[in-house]
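Read on for two forms of one protein chain; each stands alone as structure tokens, with the labels structure 1 and structure 2.
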Structure 1
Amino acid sequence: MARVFDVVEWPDTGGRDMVYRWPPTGSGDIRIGSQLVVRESQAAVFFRDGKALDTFGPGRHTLTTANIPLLIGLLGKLFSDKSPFTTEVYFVNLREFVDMKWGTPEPIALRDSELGMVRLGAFGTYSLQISDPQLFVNKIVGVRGIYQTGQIESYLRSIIVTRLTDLLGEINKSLFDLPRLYEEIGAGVRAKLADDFAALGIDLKAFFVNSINATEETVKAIDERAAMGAIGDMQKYLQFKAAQAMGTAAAAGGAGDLTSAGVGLGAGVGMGAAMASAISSAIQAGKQEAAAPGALTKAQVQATLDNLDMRLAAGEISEATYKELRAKWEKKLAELG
């Protein structure tokens, strides 16, 4: 029997596709009177002669095209057996995509009210729904066939991270306060993102922050800060670090350069003066680690190295400077044995 009408539909068996184009490639020659079946969680954007004519909601719709049976058979002969009246239908999935994930691809540096500077990573989930099928098809899909959630996720992630960084910068809270603010941050980011998503024809339905974590470097700095908390200010912290380094060396038997400082002599014997001298040297080294290393002890170099972490976390030096100085002092430490 000769083909008269078509039935155009998309059963959507996968569930991950946001858009399905009919026909998948090229253009269709849907006959006049053909039936377009749109399911409850779908919308269909109907293109005729390259123009997005209308968006059809759930139900059965009768399509009108210039592809009149018999007539198109005759006309087709003039166009290499192809219909000149092209049609395409883009089925848009209107279900809520609830399993979308976001995360910071690399740590974000933020000024912290307590720690000075921190580097954070964050991740969470969000759900979205296509709210304007025609806008979505024209802005995101273009003339491509299937468009899957995975293909749009990376683009959306970049917008999310921008807005999150923006918000975290605005609220200027300490890293220690953030866990109790997940709900507030989530709501705030969602509000900030709403317009960005709407511009793509997408409605951001929910946004959740699952975790905000400090990077390894920041955690190390926090640990040191916690140790310092028991002591007091930065000056005392440096003294603490120097004493800590000497204590380690003394426990190891007082070998190396520390012998000259009297640490290896044993507890109580001339310890006060020797320690004061060593601490003073270490503080000096901590303050001027960029200066050319002269005849420094192993403990002093180690203290300087430890101090570098703190200075990075406090935002006093850049990461590039940190790496450069670290390499320099590690080399010196290796030379000292």
Structure 2
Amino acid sequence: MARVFDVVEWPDTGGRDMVYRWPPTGSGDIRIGSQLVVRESQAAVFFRDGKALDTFGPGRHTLTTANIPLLIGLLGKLFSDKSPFTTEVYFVNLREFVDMKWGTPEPIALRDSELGMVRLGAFGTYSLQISDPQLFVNKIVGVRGIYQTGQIESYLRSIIVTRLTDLLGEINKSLFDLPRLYEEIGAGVRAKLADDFAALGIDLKAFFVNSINATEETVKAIDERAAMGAIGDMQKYLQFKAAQAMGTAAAAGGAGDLTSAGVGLGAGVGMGAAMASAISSAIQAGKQEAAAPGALTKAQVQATLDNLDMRLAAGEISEATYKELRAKWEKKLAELG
């Protein structure tokens, strides 16, 4: 037997829920003359058949056919003054929600004016207030089919990340410039979000960018770029990386596969393709000059020797390592005649 409710209310002891469905399990039966209790900072929206209907503000309301005209009109002939009617009531919290968190669930890939391509993560805070409870229930509950706070926050975060990505793509600034632009980026994203949130019945009160960070791959690319800047010449840098790869392969197995030495060197975002190309060229040249499969040529050993000075200057190897490697490769060169 269906339970008929005489009092409809939401005490809201936590204060962090945006909306509460009454009854929690779904539709409930209410009769004319039942009491609807709406507390301060709440609005109660009657909802049926996918539509938000009559809305009540704070106070104690005795339900009559006069104050729920949209719901009675929808029920039509199915309703009589003596019959309980079935509906859902959504209590909407009209308090301002502050210090809400947003963040990118996955890195955002963007063009960078200096690095070529970067992958970024970002996070921050925002605050909002539901300004139109009936529109909010229609759009969030009726259209999206969600009402739990976690689900709503996740949906709002997806909108935020979309607008943030749009803005970062439009301004096309380098990762190095972004930290000094947090305030401007926050203002720009807030402006983009204002209409999106207003269409949901939400007033976006504030929006802040706390951090925009590079992913591990991008940090590695920055380190590579810094090393290149220290050397000062792109061609020499690429030659240095190719020779370094060959030297690593030779040290690992003497007649090792030079192709495997190139793995990982192209990981730097933006510069990866150029590095891979340079390394590939060096590998092809090495293969053509090789006297026998897997053997190092005199030219390869000489190239490794020539680049030991660069590795020492770049701080990649110590003085002791430099002397040890130089002696080793000079001996190898002598053996090759």
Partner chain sequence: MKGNLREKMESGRNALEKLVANLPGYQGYKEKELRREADKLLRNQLAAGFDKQRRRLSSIQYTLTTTGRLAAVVMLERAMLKLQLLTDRLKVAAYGYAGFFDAVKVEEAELDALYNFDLGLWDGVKQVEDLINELEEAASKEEDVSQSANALIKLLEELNETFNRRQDVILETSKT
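Just so we're on the same page, rigid core means the largest C-alpha set that superposes within 1.5 Å between forms. As the structure is a prediction and not an experimental result, all values here were calculated from the model. Residue numbering: sequential along structure 1, first residue numbered 1.
- Only structure 1 of the pair represents the form predicted together with the partner chain.
- Core-superposed comparison between structures 1 and 2: the C-alpha position of Leu164 differs by less than 2 Å.
- For Val118, the Cα coordinates differ by under 2 angstroms between structures 1 and 2 after the core has been superposed.
- In the core-superposed comparison between structures 1 and 2, Leu178 has its Cα shifted by less than 2 Å.
- Core-superposed comparison between structures 1 and 2: Arg39 shows a Cα shift of 4.3 Å.
- Once the two forms are overlaid on the core, Tyr90 shows a Cα shift of 3.9 Å between structures 1 and 2.
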